[in-house]
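Before any questions on how it binds or moves, here is one chain, the form predicted on its own, in structure tokens.
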Amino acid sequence: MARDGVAVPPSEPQLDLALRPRRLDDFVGQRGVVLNLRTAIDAARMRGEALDHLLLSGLPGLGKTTLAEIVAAESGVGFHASSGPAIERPADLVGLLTALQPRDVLFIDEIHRLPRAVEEYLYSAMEDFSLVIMLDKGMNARSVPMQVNPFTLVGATTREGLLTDPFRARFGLHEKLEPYDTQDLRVVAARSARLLKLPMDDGAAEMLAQRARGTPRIVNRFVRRVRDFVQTSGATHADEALTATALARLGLDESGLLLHDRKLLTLLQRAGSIGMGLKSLAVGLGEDERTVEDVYEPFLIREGYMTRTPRGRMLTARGTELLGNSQTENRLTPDC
């Protein structure tokens, strides 16, 4: 991009978009999901029909939005995006649906946050591609049926359990995205570094992959920050030592934990066998409960550092060992 004849570097959101794969062949990981989507897309194309409505669930940053965009691209149709909180009334939904061309993809992020009235309004649109528009109010109210073009609704959610059963049942395709393994994340890191024209050693890509919490979005963020560090330090490429220094600057330790992760585990350590409720934990961290439950806890539980029990959140033996080792290392580290 240029402004007044001067090149303007791309912004962070633009860089994030540039790193996203555009085709299923370029999508790394989630092999079962990719195979299922390829089959469904090819079959729908052969029949000349809109793809079945698709529900994508999984933790943030695993590629739900990217897959929705790829579904539209592979199907050769338009892509329209919104989010659950942005669709407050049925009238908002009518505007989205009437703008769709035949077989277009309508993507709704955080679809579990749709108001119940909007969700119920979607039922007939998803099943019969029809709407009932209410005109006027009170005694003068009248309903006007209206057809919409056949379309594919792609819903993304991090909390599938919050969807009602009737709503969930209207999605013909259900795909759950799982956290990535280190091997796939290493490929993602190397690909992103190549797209950003950042020379990166295999060891550096491995380090980023190991500390990215199984999440491509996080590994891409790390690659961008390492690139900043390489450029400002005058280095020619990203090796293991430089990458480790860059990650330490970001507050990431060798276990892949950030400061707030250790603070959460320390709170659980102090609670001991009593355990802590979600509300108490959120207060102790200075965060809202949803952030603790959706952002902090999944990684720590998956890695075995904490667990949820009927008595509350508790530190596991592995979490105790981690904090103990950290305290020992701090005691042994000489003052500078």
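Note that residue numbering begins at 1 and tracks the sequence as displayed. Just so it is clear, the model here is predicted, and its values are computed rather than measured.
The same protein also exists as the form predicted together with ligand ADP; that form is not shown, yet it is the one meant from here on.
Partner contact for Gly319 in the model of the complex: ligand ADP, 4.5 angstroms, heavy atom: So Gly319 does not count as contacting ligand ADP.
4.5 angstroms heavy atom contact with ligand ADP in the model of the complex for Met314: No, Met314 stays farther than 4.5 Å from ligand ADP in the model of the complex.
Leu62 within 4.5 Å of ligand ADP in the model of the complex, heavy atoms: Contact check for Leu62: yes, within 4.5 Å of ligand ADP in the model of the complex.
Contact flag, His80 vs ligand ADP in the model of the complex, heavy atom cut 4.5 Å: No, His80 sits far enough from ligand ADP in the model of the complex that none of its heavy atoms falls within 4.5 Å.
The unique member of Arg103, Arg217, Arg170, Arg225 whose heavy atoms fall within 4.5 Å of ligand ADP in the model of the complex: Of Arg103, Arg217, Arg170, Arg225, the residue with a heavy atom within 4.5 Å of ligand ADP in the model of the complex is Arg217.
Single option in Val28, Leu267, Ala282, Val33 placed near ligand ADP in the model of the complex, where near means a heavy atom within 4.5 Å: Contact check passes for Val28.
Non-hydrogen atom within 4.5 angstroms of ligand ADP in the model of the complex for each of Val118, Ala125 and Phe151: No, because Val118, Ala125 and Phe151 lack any heavy atom that approaches ligand ADP to within 4.5 Å in the model of the complex.
Interface stretch in the model of the complex with ligand ADP - options 46-54, 288-296, 268-276, 62-70, non-hydrogen atom within 4.5 Å: Flagged stretch: 62-70.
In the model of the complex, residues of 157-188 near ligand ADP [heavy atom within 4.5 Å]: The stretch 157-188, when checked against ligand ADP in the model of the complex, contributes Tyr180, Val188 at the 4.5 Å heavy-atom cut-off.
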